[in-house]
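One chain is shown next in structure tokens, namely the form predicted alone.
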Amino acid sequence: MSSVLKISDLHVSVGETPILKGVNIEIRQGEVHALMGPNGSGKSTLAYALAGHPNYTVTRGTIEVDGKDITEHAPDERARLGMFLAFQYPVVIPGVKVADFLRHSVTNVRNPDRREGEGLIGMREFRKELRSRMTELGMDHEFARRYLNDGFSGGEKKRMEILQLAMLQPRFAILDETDSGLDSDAVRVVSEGLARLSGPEMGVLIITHHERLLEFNAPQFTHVMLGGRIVETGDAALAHDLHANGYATVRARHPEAAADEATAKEVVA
């Protein structure tokens, strides 16, 4: 039986400002979902709330994995349950090598009951797997010796996150505008890498403005967010339509959400 990530009536605020206003999505392992919407609609807020970011407060609703409420779980607990977030702007960590970071991450996710002080996953086993994954993704093995995202180009940072995805093998992967700031060649590399890793064991939520990341990852479900709520859901054809025609007709069909969007922009300004 496949695992299910269920988001029910989710309301999220940042400080005193309400951003999400009742989001409902259900994602099963093996499914690819796209979440699209204009700037300020709440897409990244949803991603950070799912990851457990402390600055994003859930004021109502629940996040569940296989019926277990994880709304109050810490980020590391969510990771151990199979949640993964690829950031729009990956963090730079000077002095920490890619290989060391991944070895610790893999150990903590695969051995959630490991006690403090217990050893990491075996070095020989880890290196063999890491090299195999890097070869599969077309990455130079020397990449693992570099410091995490330090001096990386935008494309290298995003490929690093795809490598993390490959090593951690989560049940649910949330990609928050992974195509942001990348040229067409880099987006193609990331899109192909994600397609290689997707399968029946991983549910994917791709948050994007554009269609490029969906080229090799056609969504079974496309959700449109406006004013902090999901206003429409369709298939891959809906993503194509949004890419071609924008959000004007969506706003016209959902004036209440469009009004909330305008108010939110005034608050931010």
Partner chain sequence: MCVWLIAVEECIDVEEMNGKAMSLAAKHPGRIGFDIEVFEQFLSGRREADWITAARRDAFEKYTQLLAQELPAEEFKRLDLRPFNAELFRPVSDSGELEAVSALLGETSDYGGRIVHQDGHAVEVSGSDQLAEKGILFGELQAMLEQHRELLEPFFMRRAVSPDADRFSAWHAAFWTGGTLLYVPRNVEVELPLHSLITSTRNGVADFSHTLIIVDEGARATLLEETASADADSAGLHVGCVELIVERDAQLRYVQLQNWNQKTWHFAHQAGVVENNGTLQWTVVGLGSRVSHIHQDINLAGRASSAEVNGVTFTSDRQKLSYYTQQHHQQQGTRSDLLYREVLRDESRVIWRGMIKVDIPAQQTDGYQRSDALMLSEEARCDSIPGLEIEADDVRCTHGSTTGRVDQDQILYCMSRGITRNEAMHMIVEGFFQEVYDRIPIPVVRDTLSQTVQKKLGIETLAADVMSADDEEF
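Predicted, not measured: the structure shown is a model, and the values here were computed from it. Residue numbers count along the first chain shown, from 1.
Not on display, but discussed next: the form predicted together with the partner chain.
J.: Ok, 187, 166, 139, 148: which has a heavy atom sitting within 4.5 Å of the partner chain in the predicted complex?
T.: Contact with the partner chain in the predicted complex is made by 148 alone.
J.: Which pick from 198, 105, 71, 180 sits with a heavy atom within 4.5 Å of the partner chain in the predicted complex?
T.: Answer to the contact question: 105.
J.: Quick one: find which of 198 to 206, 218 to 226, 50 to 58, 28 to 36 has residues within 4.5 Å of the partner chain in the predicted complex by heavy atom distance.
T.: Of the stretches listed, the one contacting the partner is 50 to 58.
J.: Using the partner position in the predicted complex, report whether residue 154 sits within 4.5 Å of the partner chain, counting heavy atoms only.
T.: Residue-level check for residue 154: no, no contact with the partner chain.
J.: Is there any non-hydrogen atom of residue 87 lying within 4.5 Å of the partner chain in the predicted complex?
T.: Yes, contact at 4.5 Å.
J.: Going by a heavy atom distance of 4.5 Å, is residue 100 a contact of the partner chain in the predicted complex?
T.: Yes, contact at 4.5 Å.
J.: Although the partner chain is absent from this view, report whether residue 161 comes within 4.5 Å of it in the predicted complex, heavy atoms only.
T.: Residue 161: contacts the partner chain in the predicted complex.
J.: Considering only 227 to 244, what residues come within 4.5 Å of the partner chain in the predicted complex, judged by heavy atoms?
T.: Stretch hits: zero.
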